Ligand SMILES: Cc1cc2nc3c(=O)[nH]c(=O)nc-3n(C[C@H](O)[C@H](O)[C@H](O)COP(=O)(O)OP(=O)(O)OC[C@H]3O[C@@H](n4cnc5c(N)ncnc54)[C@H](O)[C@@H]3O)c2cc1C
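The chain below stands alone and is given in structure tokens; this is the form predicted alone.
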């Protein structure tokens, strides 16, 4: 069966849904194809026993590109900002008060006197460091040159992992990492009421209201090319959707597989290094330590956060906790056991209150590290695929703005604008 649309969007994650909404609002006929039986991708939320569990930890950066796009598209959401209190750093098996202000820095056992002086300077100046000259500098090189104390270097590296999900200091761009840390320090983040499904539902509703057709359980097999231009998509089962433009809102390897004739997409796929995290997410009927909000590993790439302390994710008295080991392929060892031990340390006796448990050994948190070798954000591909007219990409690995959801929605908006500009030129000609 053959169908015809102005645009086919492949992928029903945040980027694909947002692009479909933008294009539909501009009057284009849009078909979005998603291989899963529901849209959302990594932004999906599992509902069970009154608890809402995201696929690993998620935070929306206030004032970022994702926040702006959601507001533009009329997506409503609410949530809370994680507080500085109740936060701890885990170093050599011991929990220490996280220094987030003068008093906590003075009283924490995490640092010696000289190190506390250096940390005080770090906390005072980190938000004002110019990130631009550091885009081609690895995080490891910057840390070595900027800080005298090894403990302070580990502390700043910990903050970078928290903001970027990346534990590869030798590969990641210091400028891009600093940009992300500064966004968090300046504007803060939100944990969302109801989980990230609220964003998925809101974007889906915005796309449908704009006239987009969303086809779930529909796997794209190949982008059709004709005369060096994208001409449509072939689906599993033989159905074909013809279109004047195709937007691939998927990872670089999936994009390259859909267009085997594209050298550019093959290059993107080859050089992209995905960010992975081992995740243990739990729902508890009660929190053994209700005042504990956050634990970050300083000597190990570990994370624990009680998201339900500031967002509506659990029934009254219950709790939702997300734990992660960043870069499990690099950390080695038994990631699941490490996260269970972290939970026991942060919430002793948690197993007695366990309602739901989910372990994800290697979740792709982002499709590509922003590398120093690539020059930071400037090294990421643009939304237009160079050698094929009418073919576009969007996702967290695309475009010069932000990371994670910010990159996804910024590139979705940019791709929609590029498609509309191309169509406008064709009509003018």
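Numbering follows the first chain given and starts at 1. Source: prediction; values computed, not measured.
Unshown form predicted in complex with the ligand; subsequent notes refer to it.
- For residue 405, a non-hydrogen atom is located within 4.5 Å of the ligand in the model of the complex, even though that partner is not displayed.
- Contact check for residue 58: a non-hydrogen atom falls within 4.5 Å of the ligand in the model of the complex.
- In the model of the complex, the ligand sits within 4.5 Å of a heavy atom belonging to residue 43.
- The closest heavy atom approach of residue 363 to the ligand in the model of the complex falls within 4.5 Å.
- Only one listed stretch (45-53, 368-376, 30-38, 385-393) carries heavy atoms within 4.5 Å of the ligand in the model of the complex, and that stretch is 30-38.
- Checking 271, 219, 186, 71 against the ligand in the model of the complex, a heavy atom within 4.5 Å turns up for just one residue: 219.
- Here is the short version: of 123, 254, 343, 225, the single residue with a heavy atom within 4.5 Å of the ligand in the model of the complex is 254.
- For the stretch 244-270, the set of residues having any non-hydrogen atom within 4.5 angstroms of the ligand in the model of the complex comprises 249, 250, 254, 258, in sequence order.
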